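As structure tokens, one chain now follows by itself in the form predicted on its own.
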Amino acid sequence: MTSVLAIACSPAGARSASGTAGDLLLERLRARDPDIAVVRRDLGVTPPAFVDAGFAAAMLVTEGERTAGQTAALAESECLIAELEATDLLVLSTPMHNFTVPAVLKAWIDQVLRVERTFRRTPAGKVGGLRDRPTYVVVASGGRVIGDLARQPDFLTPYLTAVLATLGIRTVRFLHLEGLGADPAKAARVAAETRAWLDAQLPLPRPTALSDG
């Protein structure tokens, strides 16, 4: 059975363009493999804790030497890392906030990207400790950020690419839904553009022709 971790990051709930597109992506994955098991984490509803002094101190202590308090300081981090380690496929649905990731996604990153836990330092640079797995990132933005029509910078795409690679995840595909800010047809556009992207990236298998023999 394929395990899918679906992380949603929007505070908009049911009105979220990235969340809607992420749900369509999950529907397509189920259509391709009905046996997938989906674990959902909505960071917009339950944000991870921000890194504090106790976390920062505890993560520098080796596991066997931590006090009970230091272990408790890393408990949420260990839970989120274990969730990520257990998944075969990652779906990340997020809005773009002020040219980059929203605060709740940055908080999740800070919880799971831990030196000597999910990556290690080497003379050649950081090396990820997690296995690679297919990852789909859905990004919704009010303005245009890609190509010739871009009118604002995109720090989200290179940042997430670097973060995931540091974890060890390099098989990443992005779906950008742009210019949604004041579009009265936003819902229809999101559905149409997402389905077109899915047809190109995750096409449904063609039915097998029945034989007369």
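Numbers for residues come from their place in the sequence shown, where the first is 1. Just so it is clear, the structure is predicted and the values come from calculations on it, not from any experiment.
The form predicted in complex with a small molecule exists for this protein as well; it is not shown, and the discussion that follows is about that form.
S.K.: Just give me the single entry in V145, L43, L175, L167 that has a non-hydrogen atom within 4.5 angstroms of the small molecule in the predicted bound form.
M.R.: Result of the distance check: V145.
S.K.: Consider the chain as shown here, without its partner, and state which of V104, A73, A140, L92 has a heavy atom within 4.5 Å of the small molecule in the predicted bound form.
M.R.: Only one option qualifies, and that one is A140.
S.K.: Flag this candidate site as yes only if P11, Q152 and L180 all have a heavy atom within 4.5 Å of the small molecule in the predicted bound form; otherwise mark no.
M.R.: Yes, all three are in contact.
S.K.: Within a 4.5 Å heavy atom cut-off, is M96 in contact with the small molecule in the predicted bound form?
M.R.: Yes, M96 lies within 4.5 Å of the small molecule in the predicted bound form.
S.K.: In the predicted bound form, is there a heavy atom of the small molecule that lies within 4.5 Å of any heavy atom of A17, even though the partner is absent here?
M.R.: Flag for A17 set to yes.
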